[in-house]
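As structure tokens, the next two blocks hold two forms of the same chain, structure 1 and structure 2.
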Structure 1
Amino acid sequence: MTMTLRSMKKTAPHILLLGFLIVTLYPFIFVLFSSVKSDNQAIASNPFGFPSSFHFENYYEAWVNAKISVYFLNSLYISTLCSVATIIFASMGAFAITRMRYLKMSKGLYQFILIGLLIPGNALLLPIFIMLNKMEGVFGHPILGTHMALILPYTAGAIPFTVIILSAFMRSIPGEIEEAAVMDGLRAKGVFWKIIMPITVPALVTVFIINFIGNWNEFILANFFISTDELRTLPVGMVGFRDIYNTNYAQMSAGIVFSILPVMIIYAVLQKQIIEGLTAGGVKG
């Protein structure tokens, strides 16, 4: 009797947690199963079960019809470029703020950049849209509607968060290290590239992952700042695909799998860094 009560006490939480796990993961499984079913009819008649026959051609059709390869590459290069650019500019700035001898000035600048975190992004959406639209007059060719319209705001948008995380890290580096480097004849540029940056790598990896995921998933700017189909990023492309092929849910599911899979793979490999980075970002942000 005591044994069964004890084992009940041990298994009850697991039953509840497995239930929660199913609620969390079942939508993915539902889409995965639907993606290899023949058509809507097959999904309706057998919604929960394993597919009776496998229609992998849905994946081929989705890849071709939805131009997922195009969206995928757009997302990949924009997300990577912007995350790297943010990190370079933010670490240069964080270096000047935390390591150079202009303490009063730096303190003010740091507070100034901190304000950026408090401004709700949605309030800035329209002014940025108008500004990018007007830039055509400055550069002679349109910015709005090109990838530049995403690259500039993505790079800039992540700056406050990135500066804060990197400054916190760089501040904790002991001053003796760079003093020795200066004795050895390094200039400020050398101290930055050869001494401070290599030490900061762990923090750089964290902010890179967070910014990359943020850029990869961004929808609002990508939806309203770009109208050419070939230039779309993956989330926007997927929504467009849904709007056109919303009668063929099997193919649409295959499209969803394509857009989820890369993130799933990255998550499977880097889950520890991703969880730490995102939740730390939440606490600090």
Structure 2
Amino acid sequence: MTMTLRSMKKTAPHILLLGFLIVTLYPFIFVLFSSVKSDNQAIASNPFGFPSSFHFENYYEAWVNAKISVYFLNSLYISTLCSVATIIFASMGAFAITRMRYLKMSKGLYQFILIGLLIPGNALLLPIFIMLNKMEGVFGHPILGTHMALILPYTAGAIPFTVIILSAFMRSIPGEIEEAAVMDGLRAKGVFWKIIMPITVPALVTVFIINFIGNWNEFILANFFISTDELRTLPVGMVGFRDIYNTNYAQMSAGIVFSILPVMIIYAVLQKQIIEGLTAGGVKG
């Protein structure tokens, strides 16, 4: 009896995790099967079953005719650029807060940055719109309706979270490393780029992935600030794709696979780096 109870205690967590995995992956598997079925009739007759024949032409139709390729590249360009820019600005801010010797100012600035996490992003929609509209006089051309209307708020909006994560990680770096670098002739700029940034790579990878996925999935700003079809991102383009192919669920499913596959690949390949970066900063900081 004792052995049976011990076996059940060891087996129960695995069963729960397996059930959770099935529930989590099932929607994607359903969409994946639907994307290679012939038409709506094949999906309706066997919605949860394995396809009797594979029709990969649905992916070609979605990629070319529905311009998923254009939306995909727009999202890739914007998400990557914003994530890199956020890391550069936030890492400089985190370095100044945690490593520079201005304790009172650093603490006040850190508390001010924390406020940025308390403001819901949707509440800033109108202020961002007004600011971007007024920036036409600064740049000499309209900002709204261009990719810059997304790049600026995406980059600025991710800075508070990124600064907090990087600050927690940088606090764990021994000060003796910087002192040795300064004795070797490095100034603050050299210490930052040659010492701090290489050591902070695990945290940089973590925040890059999190920010990239957040930018990739963002819909509200992209929907309101971009009106040109050729400049739309993938989440917004998928809405138009649904309207165009509302009678062809197989091609619609192929478009959905294109939209979620990069995120799944990033998580599958780099999940270890994400966890290590978050836990290292949290425990050591």
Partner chain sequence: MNKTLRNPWTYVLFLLPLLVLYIMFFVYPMISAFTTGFMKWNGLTEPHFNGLTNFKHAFNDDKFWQSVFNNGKFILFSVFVQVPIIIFFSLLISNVKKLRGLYKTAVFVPSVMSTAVIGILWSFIYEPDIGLFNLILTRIGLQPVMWLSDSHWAMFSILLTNAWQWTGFYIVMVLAAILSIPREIDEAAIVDGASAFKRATKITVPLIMPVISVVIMLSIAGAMKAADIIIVMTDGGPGGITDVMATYLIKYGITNAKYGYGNSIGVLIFLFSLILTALYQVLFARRVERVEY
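Under this definition, the rigid core comprises the largest set of C-alpha atoms superposing within 1.5 Å between the forms. Predicted model only: the values in this text are computed from it and were never measured. Each residue is numbered by where it sits in the sequence of structure 1, with counting from 1.
A.B. asks: Determine, for this pair of isolated chain forms, which one is the form predicted in complex with the partner chain.
C.D. replies: The chain shown as structure 1 is the form predicted in complex with the partner chain.
A.B. asks: Taking the rigid core as the reference frame, tell me whether residue 55 has a CA displacement of 2 angstroms or more between the two structures.
C.D. replies: Comparing forms between the two structures, the residue 55 CA shifts at least 2 Å.
A.B. asks: Against the rigid core, is the Cα displacement of residue 231 between the two structures at least 2 Å?
C.D. replies: Result for residue 231: no, shift under 2 Å.
A.B. asks: Align on the rigid core first; then say whether the Cα of residue 46 has moved by at least 2 Å between the two structures.
C.D. replies: After core superposition, the C-alpha of residue 46 moves 2 Å or more between the two structures.
A.B. asks: How much does the C-alpha of residue 16 shift between the two structures, in angstrom, given a rigid core superposition?
C.D. replies: A shift of 7.0 Å at the C-alpha.
A.B. asks: May I ask for the C-alpha shift of residue 25 between the two structures, in Å, based on superposition of the rigid core?
C.D. replies: In the core superposition between the two structures, the C-alpha of residue 25 moves 2.9 Å.
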